[in-house]
Structures are given as C-alpha cells and as structure tokens.
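Only one chain is included here, represented as structure tokens and corresponding to the form predicted on its own.
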C-alpha cells in the first residue's frame, strides 16, 4: 500500500526576506521541487515521461500557510497523490515544523501533455499503471478554486528571458508567483498573517513574450492577473488574507 513520503528542509539564509522568515516563493519552490523528486522516485517523473515525448504541467494549485518559519528552522514536507482523474492528477502536501506544528497545506492538480502537440493526455492509462502510488487519504485543504478575471491596468511589465523558462520551455511556476508577489504592497509582508493563494494556469508563456501584471483589492482578497502581449490571460491568482 502506498504511503506519504516526507522530505527534510531547513530555512536557509538566502530564502528569507526582511522579516527573517522564509519567503512564499521559497516555500512554493521547495514544494514543487518535491513533487518532481517524488514522481521520479516512483517511476513517473519528467525524465521518464520525456522518453515518450510527454511531460507534467501544473494546472491549478492552492497554498495555505498559517505562518512562515524563521531562518534556520527545520521543517519537513510530506507529499502524496490522492487520485487520478481523466485529465488531472491531485498531489497534496503538508508542511510541519521541528516542533511538530503543521503550518502549511498545499493541493495541486497536474495534467500530462504531449510535447509535440502541446495537448493534454488522457490519464486513465497512467492511473492503471501507477495506481499503487495513490494514498487513500483526502487532500489537507480545499482544492484550488476558480479565480475570477479582473479588468485593471497593468502595474508591472516583464519580458520573458532565459532565466524564466523551465524544462518544458515555458515560464516556470515560481516566476509567475514572484511576479504576483512583486505587485503587492510590501506592508503585506511586515505582519505575519495566515493566507491562502489559489493560482489557475490558463496558457503557456514562452521566451521573448512580454507579460503584463494587474491586481485588484477586494475586501480581504487580492486578485492578480498576468496577460501576454496578445492580451490573453496567462494565469490568475487570488490571495486571501485571514
């Protein structure tokens, strides 16, 4: 029977911001790295899929953090797959600090794409082959929500460069999150508050494109939208401050 897998971490100096706590982008990056490491260890990582010209692509993700650990605090990330659908696979994470307090919960949904056609692949065959990787435990938080669109002028412009693209040759997930964080007032990070971030990935963004980032405050929620130079929405995010 499949079980959760846990990986140890320590908050390194290069991962903290001016509050001496780990940044949201560093936490998110470690979570997504573990997704790749765990898939590789179970035989369905990107290296294996690439042999058949397939790859994993993140469709939606939801992060919940009660607080961000301080510099040098040790913590672990546990991960498991709870189900395969026809088009999406759900991978979950919990983050627990050295005192045993679970401070983070993450739910991600992934699709597999055919790299030559850039289209999604039916996951039922994968589910049959790797069903033993599924853990009979539900997601630790609500699944990623649909994020509404906004109609606001851009406040940040970014041209996609070499350092933005990943092994799928499109903008990597953490770069989108960093762009979203960069349009928020810095005062948002001065006080430690529980938060949730939902992100919907809508289209690919490739090398050389220009991205335009807009945001809108709605009560306790901040909506962020990233569009390309053709005006199409690339991804949307919703920060909920609790």
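Positions refer to the first chain, counted from 1. These figures come from a predicted structure and were not determined experimentally.
Another form exists, predicted in complex with a further copy of the same chain; not displayed. Remarks below refer to it.
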State yes only if every one of 67, 76 and 145 has a non-hydrogen atom within 4.5 Å of a further copy of the same chain in the predicted bound form; otherwise state no.
no
Option from 212-220, 185-193, 198-206, 58-66 whose residues, in the predicted bound form, bring a heavy atom within 4.5 Å of a further copy of the same chain
185-193
Residue-level question: is residue 228 within 4.5 Å of a further copy of the same chain in the predicted bound form, judged on heavy atoms?
no
I'd like to check something about residue 163: if you look in the predicted bound form, is any of its heavy atoms closer than or equal to 4.5 Å to a heavy atom of a further copy of the same chain?
yes
Is it the case that residue 233, even though its partner is missing from this view, gets within 4.5 Å of a further copy of the same chain in the predicted bound form, heavy atoms only?
no
Residue 42 near a further copy of the same chain in the predicted bound form, any heavy atom under 4.5 Å?
no
Heavy atom within 4.5 Å of a further copy of the same chain in the predicted bound form - qualifying residues of 13-30
14, 16, 17, 18, 20, 23
